[in-house]
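Single chain ahead, by itself, as structure tokens, in the form predicted on its own.
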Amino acid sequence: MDILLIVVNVVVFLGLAPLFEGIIRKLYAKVQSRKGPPIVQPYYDLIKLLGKERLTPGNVAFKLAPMMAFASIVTVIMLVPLGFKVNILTQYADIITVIYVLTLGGVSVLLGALSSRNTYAMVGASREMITMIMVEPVLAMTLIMGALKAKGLAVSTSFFSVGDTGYGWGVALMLVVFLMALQAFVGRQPFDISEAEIEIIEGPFIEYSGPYLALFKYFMMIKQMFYAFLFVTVFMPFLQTGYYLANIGTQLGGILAVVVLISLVGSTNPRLRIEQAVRYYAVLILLSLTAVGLTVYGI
């Protein structure tokens, strides 16, 4: 049964992540008065890339980077309590594991960009590094807040801490901060600074093509779905119905709502300059630390 729950996690995320990406693209187009691609276009893109030739201008690290990124996000989704139900891996995982494995995905992007020796990739890598340093603490503070409320580091308790102990001013503030950081987490406008197609032509991914690019694209799609899932699981415990399949349905509905928010914010805001983004990130870190402080004092 535990193995089946892990398989369901993987199948749901791998199967639906491109669909949510397609919804975002469609909503982008609608907001900007365009027809836009079909919702299933990301599936076609991945299939097309998988069938193309592999061009490898870099070294071994260049080839390993997309595999590491994809493996890291698949590992994370095997740990999450989809359907508000823990599996055997969730029971033995803690929030430190989740943070480290998620960070490995970002490090893989940096590794691939730096090993390509492309100037635009280098610029994108430097921006990605700044974003990681400034935004990952917000993720860490969100999970630490849950651990403080649950009095334990286990994923199976910290993810559900709000549902078990209730809301407070600390939780409310962290909810707002997470939403403010969401675009940066998933690399959408106004924080798609590391890719910036018009400025640095896909940045870290400029030298990638074929299956390697497909793995990076898939990684970004799943990562986007994961952060939406994380928000729904941590901050929307009222979606629990008591039934596994129904819980998956309510979670996916919540993820869809977050995806719509991502698309609306992204399609109506221009890209920030890196110095503007850094100031914004600094405010988020201060607010997240304040939320954790309020939680420590039981507020």
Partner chain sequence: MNSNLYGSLLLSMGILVLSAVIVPFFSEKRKLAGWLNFAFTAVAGFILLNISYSVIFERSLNTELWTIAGFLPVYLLLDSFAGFFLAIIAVMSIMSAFYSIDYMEHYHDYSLKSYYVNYPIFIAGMVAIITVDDLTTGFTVAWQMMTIASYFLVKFEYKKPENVKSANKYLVLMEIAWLLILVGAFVAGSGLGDSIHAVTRSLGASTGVIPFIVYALIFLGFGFKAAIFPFGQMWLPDAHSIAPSPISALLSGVMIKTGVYGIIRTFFWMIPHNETFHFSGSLWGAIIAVFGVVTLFIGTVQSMKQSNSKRLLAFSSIGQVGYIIFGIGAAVFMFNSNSHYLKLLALIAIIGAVYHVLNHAVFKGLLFLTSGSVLFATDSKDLNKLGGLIKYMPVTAIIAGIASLSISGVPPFSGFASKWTLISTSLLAGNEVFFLVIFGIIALFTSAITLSCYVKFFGMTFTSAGTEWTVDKQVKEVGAGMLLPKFILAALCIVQGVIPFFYFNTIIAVFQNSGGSMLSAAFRNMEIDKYVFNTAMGVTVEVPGLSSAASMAVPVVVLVIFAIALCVALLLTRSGGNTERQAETWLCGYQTLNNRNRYMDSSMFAALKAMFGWTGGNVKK
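Predicted, not measured: the structure shown is a model, and the values here were computed from it. Numbering follows the first chain given and starts at 1.
There is also a form predicted in complex with its partner chain; it is not shown, and the following applies to it.
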With the partner removed from view, which of 64-72, 37-45, 251-259, 234-242 is the stretch that lies within 4.5 Å of its partner chain in the predicted bound form, judged by heavy atom distances? 64-72
The one residue among 141, 184, 221, 228 placing a heavy atom within 4.5 Å of its partner chain in the predicted bound form is 141
Looking in the predicted bound form, any heavy atom of residue 7 within 4.5 Å of its partner chain? no
Hey, in the predicted bound form, is residue 205 touching its partner chain, heavy atoms inside 4.5 Å? no
Applying a 4.5 Å heavy atom distance criterion, does residue 171 contact its partner chain in the predicted bound form? no
4.5 Å heavy atom contact, residue 162 and its partner chain in the predicted bound form: no
Taking its partner chain in the predicted bound form and a 4.5 Å non-hydrogen atom cutoff, the residues of 68-94 making contact are 68, 70, 71, 72, 74, 75, 78, 79, 89, 91, 92, 93, 94
